[in-house]
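Taking the form predicted on its own, here's one chain by itself in structure tokens.
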Amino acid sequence: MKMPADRRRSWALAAPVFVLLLWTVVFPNVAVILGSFENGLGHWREFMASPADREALTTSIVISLASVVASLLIGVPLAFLLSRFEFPGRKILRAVATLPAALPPLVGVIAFLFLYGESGLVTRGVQRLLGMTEAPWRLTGVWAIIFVHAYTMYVYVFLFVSAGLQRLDTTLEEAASGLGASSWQRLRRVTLPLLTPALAGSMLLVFMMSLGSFSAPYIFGGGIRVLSTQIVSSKLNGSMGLAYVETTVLALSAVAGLLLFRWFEGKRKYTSSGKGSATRRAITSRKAQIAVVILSVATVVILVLPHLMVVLVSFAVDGAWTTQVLPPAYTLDNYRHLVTEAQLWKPIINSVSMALIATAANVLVCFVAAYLIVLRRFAGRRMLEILVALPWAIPATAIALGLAATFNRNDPLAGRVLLVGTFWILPLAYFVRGVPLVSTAVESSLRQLDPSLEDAARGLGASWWLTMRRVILPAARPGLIAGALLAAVTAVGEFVASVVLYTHANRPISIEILAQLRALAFGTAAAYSVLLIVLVLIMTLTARGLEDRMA
């Protein structure tokens, strides 16, 4: 039987996408799983018998769950405060509430090191104020990691819950009050159930990011083990079989978390037929206004301080800041060196070029994938949905080790190409990590397009290509710009996969920052961090400009 033309066209588009995703996403993870059994069950027995690995697994899960709780404790009340109440300074507080999201992960960790580390500004200030001979605290261990995670990840809870509150119809709460429900009953029986999708989505995101987090445990771990750092340690020690087992266990933990939060999300389904009519209540009590303003100012200072600290230290003379509260000497040399010394400029060129290459590939592949998923009906559509979402469920360390295990030699018949040790391995890693970000964004745009418009254009005589150019692409454009921005920002500051796969020749900015920190060149490391923040801002403004121009 002859296949219809539309189905042939769908498969002609889907085939190269399937091949690419199976080769770059599925094959490396299968290689890791098979590698964990290369010695039968020997490496698994070694893992089970190792106290260090058992500690790493337990600690990873404990830190991830505690990070979820800490992010909820900060993000949910802040979302309610800014969404439900009107008070002086609300708009400023709302603007700075998302600032931690603009900090690349490693830069956020460095900012905390400069502020709250043993020789940090706040630590030294408290020590000097209280006349203590030693630092009042040490920012190391499990609580330090949770502290850093809570600051950098509460934003996701805040954004998700704020969006949920905006869509929530307050007349439902007013109806509950009219029926005699107390404030607590209204919150427990009406508001929180309607926010379940937003809560579950943000909790899942925080859990996944905490589980795969590398920079905070690496710098503030203080000897404790988590799976992401344990994998790198096993790889550096040449214990690849054990590293494969640890990677498999980390990926399985992430999938278990995904299933758990999906179960929580789907346990009860609450929907509202209204369009959302959230209103804010003005705080009229004078005492309450003063208390909220004081709380807002303190929150703004806490949120802005890491950014200001990185900028301040970027002007510090390397090696001069030892026991003082603030750096004693300042210079422009850190920036001058970045501009004039080729070896310091190299990581910047690497990061920008690799991010652009990976993002361009993401845009092309994910647009085709999203078009097939949303607007085409063919047998492999469900499988394609799983393939584009798969990298989201696998921590970056596991993705990196899978690529290292697969593309470490030339064996075309086995689907292996030597990329490890070359420039191209990091753009490939960034591309894999960007697939779910871009495809999800484009899918959301295309779902707002009436599928009959494509048929109407074809019915009026437009060719497939003209329909794609005049109907589909304009509809997908907002998602393409937003997804490309997310992928580019993630890639330019990427650290977790980079630390597994980099070489000296292709080292990105994040790895150079770590190298400068190890050399105690805090000023140079901070100058790189400021440059990274500026790159993120340039990308964001460029994306906004494109959106405005094409609107």
Partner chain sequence: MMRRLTLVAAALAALAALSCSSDKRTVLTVYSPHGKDLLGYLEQGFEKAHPDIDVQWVDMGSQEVLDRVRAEAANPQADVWFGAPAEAFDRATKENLLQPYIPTWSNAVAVDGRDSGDHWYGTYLTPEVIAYNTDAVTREEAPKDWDDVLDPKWKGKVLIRDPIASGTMRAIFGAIVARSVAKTGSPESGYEWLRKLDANTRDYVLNPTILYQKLGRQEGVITLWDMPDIATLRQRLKIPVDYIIPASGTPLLVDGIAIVKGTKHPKEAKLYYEFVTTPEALKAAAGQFLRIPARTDIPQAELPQWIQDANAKIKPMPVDRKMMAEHLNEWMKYWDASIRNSERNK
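Here, rigid core means the biggest group of C-alpha atoms that superpose within 1.5 Å across both forms. None of these values were measured; they are calculated from a predicted model. Residue numbers count along the first chain shown, from 1.
What follows is about the form predicted in complex with its partner chain, which we do not show.
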Task: Residue (of Pro193, Gly421, Pro88, Gly125) lying close to its partner chain in the predicted complex, criterion heavy atoms within 4.5 Å - done: Gly421
Open item on the list: Looking at Ser296, Thr406, Ser253, Asn350 here, can you tell me which has any non-hydrogen atom within 4.5 angstroms of its partner chain in the predicted complex?
Closed with: Asn350
Task: Contact test in the predicted complex: Tyr502 vs its partner chain, heavy atoms, 4.5 Å - done: yes
Open item on the list: At 4.5 Å between heavy atoms, is Gly319 in contact with its partner chain in the predicted complex?
Closed with: yes
Open item on the list: Ile61 versus its partner chain, in the predicted complex: is there a non-hydrogen atom within 4.5 Å?
Closed with: no
TODO: Look up in the predicted complex whether Gly40 has a non-hydrogen atom within 4.5 angstroms of its partner chain, and give yes or no.
DONE: no
TODO: Could you tell me which of 373-381, 72-80, 196-204, 351-359 sits within 4.5 Å of its partner chain in the predicted complex, going by non-hydrogen atoms?
DONE: 351-359
Open item on the list: Suppose contact means any heavy atom within 4.5 Å; which members of 32-49 contact its partner chain in the predicted complex?
Closed with: Glu46
- [ ] Using a rigid core alignment, state whether the CA of Asn506 is displaced by 2 Å or more between this form and the one not shown.
- [x] yes
TODO: Once the core is aligned, please say if the CA of Phe367 is shifted by at least 2 angstroms between this form and the one not shown.
DONE: yes
Open item on the list: Quick check: Arg409 between this form and the one not shown - does its CA shift reach 2 Å or more after fitting the rigid core?
Closed with: yes
Task: Change in CA distance between Arg138 and Ala515 in the predicted complex, which is 3 Å or more, as closer or farther - done: farther
